[in-house]
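One chain follows as structure tokens, the form predicted on its own.
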């Protein structure tokens, strides 16, 4: 158990809520969840499911209608046909990470993961007994990986490569040319599986078209895709995600589901069905709002003394370099929360390569973003 890490964003959220409950005025730009409500037609679908008597267990991989709707959505948004039997409905995105890493991680194995990256990757790799090998995501590349560098890190002990684009915490989006090179190079390593975390696939900006690993049939026999409803449909608390597995691993993943969670709750699955098959205008409008906020926050952060911030290509995070402020990431995170009531997350919460950076979620109103940056400017003016 001591090998398990945690997710600092939830710790920051708890501290921010405690301060708010004590009477402090807190602006939370830490937690990565949309500030929009789940669309009404999705909520009503869940209520109807309960009223219609969907109170029992479902098949472990998910209700057939939802698995078929996921496959249809993949055709619609990715242009790729898959067998609905390859789809497993999960209670959120983390379960897919956990299952994939447990399948391939063991003592003596190596698993490559993005750094800075979503902290649960490294946590579960260490928990599995495998060695976590960081894929550096560097500021001067807009936090995209270098395919040649990734391929050079593969050894005979490598069992799994984890990719995430658009990425948390950096907002980096990997260009197709790098994905092409990586997939071509993976032909020399047929024993290495790939977990592609595409939870932010619908949140791309400035012509950064999402490049799904599903577009590469040569790796379909070892590709695990992670996606879900949390970000696209503002459904973080519903705990609803899905994964696509190679045919050879579907039964194993289903066996893990039976042992772990039995099935996803029935009403959430009917809500997910309504999300995929219903109007998409809410999702489209939400992404448009994030795009506007993205431009505002980057401009605002770049005006702060000691800050410099790249324009993110996707997701809803800005990841400015704060080295010139003279603060390390954790100290600045804590002091901004405690002294001026702005919740952020230190870059070191996402791996050692996150030192010198701090994550802002712009899944909050433009007014909140501007007010938060004004508070930070006042703090820096007095502290630097």
Ligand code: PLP
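Residue numbers count along the first chain shown, from 1. Just so you know, these numbers come straight off a predicted model, no measurement behind them.
We do not show the form predicted in complex with the ligand, though everything after this point is about it.
Proximity of residue 271 to the ligand in the model of the complex: non-hydrogen atoms within 4.5 Å are absent; the residue sits far from the partner. Of the heavy atoms in residue 99, none are within 4.5 Å of the ligand in the model of the complex.
Residue contact with the ligand in the model of the complex: residue 200 places a heavy atom within 4.5 Å of it. Residue contact with the ligand in the model of the complex: residue 121 places a heavy atom within 4.5 Å of it. You can rule out all but one of 223-231, 68-76, 172-180, 209-217: in the model of the complex, only 223-231 has residues with a heavy atom within 4.5 Å of the ligand. With the partner omitted here, the residue from 239, 310, 293, 159 that has a non-hydrogen atom within 4.5 angstroms of the ligand in the model of the complex is 239. Among the residues 105, 246, 92, 84, the one placing a heavy atom within 4.5 Å of the ligand in the model of the complex is 92. Applying a 4.5 Å heavy atom cutoff to the ligand in the model of the complex picks out 164 as the lone residue from 150-165.
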